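The form predicted on its own is given below as one chain in structure tokens.
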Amino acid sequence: MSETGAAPLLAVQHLRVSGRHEGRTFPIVEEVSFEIEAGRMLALVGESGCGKSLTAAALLGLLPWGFAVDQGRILLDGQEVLRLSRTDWRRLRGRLVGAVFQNPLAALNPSLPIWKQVVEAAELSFGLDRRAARARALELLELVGVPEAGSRLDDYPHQFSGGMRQRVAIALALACDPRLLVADEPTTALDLITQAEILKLLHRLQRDRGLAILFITHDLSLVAEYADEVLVMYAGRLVECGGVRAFLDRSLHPYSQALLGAIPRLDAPELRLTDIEGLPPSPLDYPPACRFAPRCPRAIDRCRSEEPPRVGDSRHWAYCHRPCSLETV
């Protein structure tokens, strides 16, 4: 995926995450591979339940009970994190990778003042005293645009609006100066204006601090302006990857086109929005061959019996027997 030739900050290779149900082990995320360079934003998109957040949890070493990575590699700045002990991974998390989740209120402790939460990880990592910790908290809150930050250090989460709580959550994620930020649906619970403010903030941090960002979302309308590359996931597998402009102009996979067709366009208001019939399959019952075939209007018998080939080139590819727009790649 690299266009500059620089070594990726994050490299995920053939990742598989499995779960257990009634004594049976089954794969939920399979054969996921991608890279992110410093200063770049990669958007991971797809419907709810496709495996995006589980992939993020695997990257952060935060998989819930009953789930495990049983295949693949995760390299952070060249270090294989799956081989780390729980203690070593805890030390690495925060310093190298930070995370912002979709519900900022759930990410914050209602019983602690904001300044204490923002720098808790930095206090543990760098041994800051109280004065230095408060100064660091003020610096971070100002960085993420909290108004009158100096007078709000001792406030509690319930005293902040949803958008301000999300800014606080971003400050918390940046406390140890990570090089990679995993933003898992960070704007889902926010109104449209606040969504735009948060995304502009993330984009500024990416540009000014050289952050690599994995932006996980189901909303493709948020991807066009800020992402550099797009990964599309369906039923636990990647189905398309490409630069954001090429993806928007000529998506290859029918699933990608269906997602794009559900977005209203200001430049073409007369276009009828489309929907995707049916629901994504359960991980307990993934269909054989192409997992999108039961919902795909372009599917033929081969789609239901043979694994789809990879088509396109190294910069823009998809797994599909009958890709769209391939002649323009």
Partner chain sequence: MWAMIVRRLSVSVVSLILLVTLVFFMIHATPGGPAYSILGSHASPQAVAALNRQMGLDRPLSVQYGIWWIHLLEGRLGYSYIQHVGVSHLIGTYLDRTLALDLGALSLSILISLVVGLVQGYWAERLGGRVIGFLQIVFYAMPVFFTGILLIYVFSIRLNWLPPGGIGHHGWGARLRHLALPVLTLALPVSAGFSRYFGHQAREEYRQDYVRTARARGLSEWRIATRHVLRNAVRPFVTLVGMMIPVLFVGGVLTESVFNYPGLGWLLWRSALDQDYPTLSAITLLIGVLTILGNLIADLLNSILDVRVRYE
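Nothing here was measured: the structure is a model prediction, and the numbers come from that model. Residue numbers count along the first chain shown, from 1.
Separately, the form predicted in complex with the partner chain exists; it is not shown, and the next lines address it.
Next on the checklist: At 4.5 Å between heavy atoms, only one of the stretches 72-80, 139-147, 115-123, 200-208 reaches the partner chain in the predicted complex; which one is it?
Outcome noted: Stretch with heavy atoms near the partner: 115-123.
Checklist entry - Using a 4.5 Å cut on heavy atoms, which of V223, M233, I213, L108 is close to the partner chain in the predicted complex? => result Contact check passes for L108.
Checklist entry - Looking at D191, D154, D249, D88, which is the one with a non-hydrogen atom within 4.5 Å of the partner chain in the predicted complex? => result The option sitting close enough to the partner is D154.
Checklist entry - At the 4.5 Å heavy atom threshold, is S161 in contact with the partner chain in the predicted complex? => result Looking in the predicted complex, residue contacts with the partner chain do not include S161, since no heavy atom lies within 4.5 Å.
Checklist entry - Does A133 reach the partner chain in the predicted complex, with heavy atoms at most 4.5 Å apart? => result Because no heavy atom of A133 falls inside 4.5 Å of the partner chain in the predicted complex, the answer is no.
Next on the checklist: I'd like to know if G94 sits close to the partner chain in the predicted complex, meaning any non-hydrogen atom pair within 4.5 angstroms.
Outcome noted: Because a heavy atom of G94 falls inside 4.5 Å of the partner chain in the predicted complex, the answer is yes.
Item to check | 4.5 Å heavy atom contact, A262 to the partner chain in the predicted complex | outcome: No, A262 stays farther than 4.5 Å from the partner chain in the predicted complex.
Checklist entry - Can all three of L62, A99 and N103 be found with a heavy atom no more than 4.5 Å from the partner chain in the predicted complex? => result Yes.
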